[in-house]
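Quick setup: one chain, the form predicted on its own, written in structure tokens, and binding and motion questions come after.
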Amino acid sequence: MDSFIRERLFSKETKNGLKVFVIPKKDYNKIFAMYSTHYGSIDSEFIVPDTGEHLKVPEGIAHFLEHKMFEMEYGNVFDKFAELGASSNAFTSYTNTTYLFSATSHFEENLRLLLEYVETPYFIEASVEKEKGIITQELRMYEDEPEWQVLLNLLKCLYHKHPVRIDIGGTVESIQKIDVETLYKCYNTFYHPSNMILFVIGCVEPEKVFELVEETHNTKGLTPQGEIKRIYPEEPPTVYKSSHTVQLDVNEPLFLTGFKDIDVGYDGMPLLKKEITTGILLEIMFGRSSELYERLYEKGLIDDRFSFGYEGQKDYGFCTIGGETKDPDTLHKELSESISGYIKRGIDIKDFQRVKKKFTGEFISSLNSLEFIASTFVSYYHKNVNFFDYLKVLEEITIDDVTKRLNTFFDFSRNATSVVVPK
């Protein structure tokens, strides 16, 4: 029981290493479940536990695998969930692949179905070849998607070698190299229960969830596997190049600038603290209550779609700042001058206190959403972070922490810019 958040978390680990977490919410009639593996698009080179085999697999295979998991010998799993009145989905990120459903009835049947299809790989050559065509179309569609291209091109500027610079779906060339044997090798390595987490929240009895999971897993005969050694290329601290511009079918230019984080190599509580500290810093500098936002808005350099964010993982980190603008060069100049100004004069204590209170309020209000709790718990778990430590870590952050982050993170030698301009 968390003393402030007041949520009861029940947990159990199965004999084969699967971690199961349940938060009962009796006041809700909805149930939300996520089954997630710590396996994302950046995990293309690794050493298989137990056998020691060193594999370098085609880029995009984690996303490809996610697509294929919905195919069973009897047909498509989406149709089964629809018959049970549930909404189902899945997504692949740089670091995780997650399968989920939400439902107001037939919980046991839906959970059994979730466990069944994620734990039953069914890859045949004909369907794998067909999927290559589908994903090729998807990748080519994203080549014309301005919001995705402006981000992807920024990452290609920031990073020399790290696979975060590669599209999550891979490339048209890389997916042609995917075959049934490699899919099974990746599945057997990363979809092992000891590399996964099941999280359930809503109107549900924890013991019922544990019983159902044990019942399905006791027949598998699996034992916990060793740690998966993930191999990433050595990434220089510098950016690959300072800018990239591309022409696409847009009405107004899209602008995105970013800074590469070289303070990496750790997870857990230190990573959580860095993530929150960086979020507070960005909000002070670029949030809607900032002097900069108001000035840029009045000049017509930004509109209400202007945004910023930080992505922090164990092995990489970066921030993004930007949006649609009539004048990318002037916007970049204004942002750079503002950052330099903050570095010279520091952070105002009143701004720090205001934003810290804002973060506290937003986190507490987000706890009304089952989806927020589930998705945040799961993504933090894969970073070795306890979701319920968020408010404690936030409370402990000082203005000195934010000032130190300001002075170390915003190094213009690690800054790059991506622009999409009209054809």
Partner chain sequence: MSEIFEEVGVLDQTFTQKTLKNGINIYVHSTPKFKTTTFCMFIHQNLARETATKTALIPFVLKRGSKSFPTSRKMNLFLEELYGTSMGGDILKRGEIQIMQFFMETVNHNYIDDKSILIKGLTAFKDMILDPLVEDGGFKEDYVNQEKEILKRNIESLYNDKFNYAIERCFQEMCKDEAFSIYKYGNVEDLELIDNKILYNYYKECLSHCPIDFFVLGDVDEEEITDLIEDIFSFERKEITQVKPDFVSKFIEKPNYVEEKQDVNQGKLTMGFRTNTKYSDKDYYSLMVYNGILGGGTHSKLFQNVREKASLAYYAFSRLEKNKGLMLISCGIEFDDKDRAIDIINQQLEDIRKGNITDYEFDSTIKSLVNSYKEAADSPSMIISLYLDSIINGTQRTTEDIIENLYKVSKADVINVAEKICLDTVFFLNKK
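Bear in mind the structure is a predicted one, so any value in this text is a computation, not a measurement. Positions refer to the first chain, counted from 1.
FYI, the form predicted together with its partner chain isn't displayed, but the following is about it.
At a distance of at most 4.5 angstroms from its partner chain in the model of the complex, all three residues D27, K208 and E298 contribute at least one non-hydrogen atom. Scanning D329, D179, E173, D144 against its partner chain in the model of the complex with a 4.5 Å heavy atom cut-off leaves one residue, D144. Site annotation in the model of the complex: the residue of E311, E109, D315, E235 reaching within 4.5 Å of its partner chain with a heavy atom is E109. Within 4.5 Å of any heavy atom of its partner chain in the model of the complex lies no heavy atom of D267. Taking the partner from elsewhere, I168 is found to have every heavy atom lying beyond 4.5 Å of its partner chain in the model of the complex. For the chain shown alone, D249 is a contact residue for its partner chain in the model of the complex, at least one non-hydrogen atom being within 4.5 angstroms. In the model of the complex, its partner chain sits within 4.5 Å of a heavy atom belonging to H67. You can rule out all but one of 267-275, 197-205, 238-246, 158-166: in the model of the complex, only 197-205 has residues with a heavy atom within 4.5 Å of its partner chain. Along 270-290, these residues reach a heavy atom to within 4.5 Å of its partner chain in the model of the complex: E283, R288, S289, S290.
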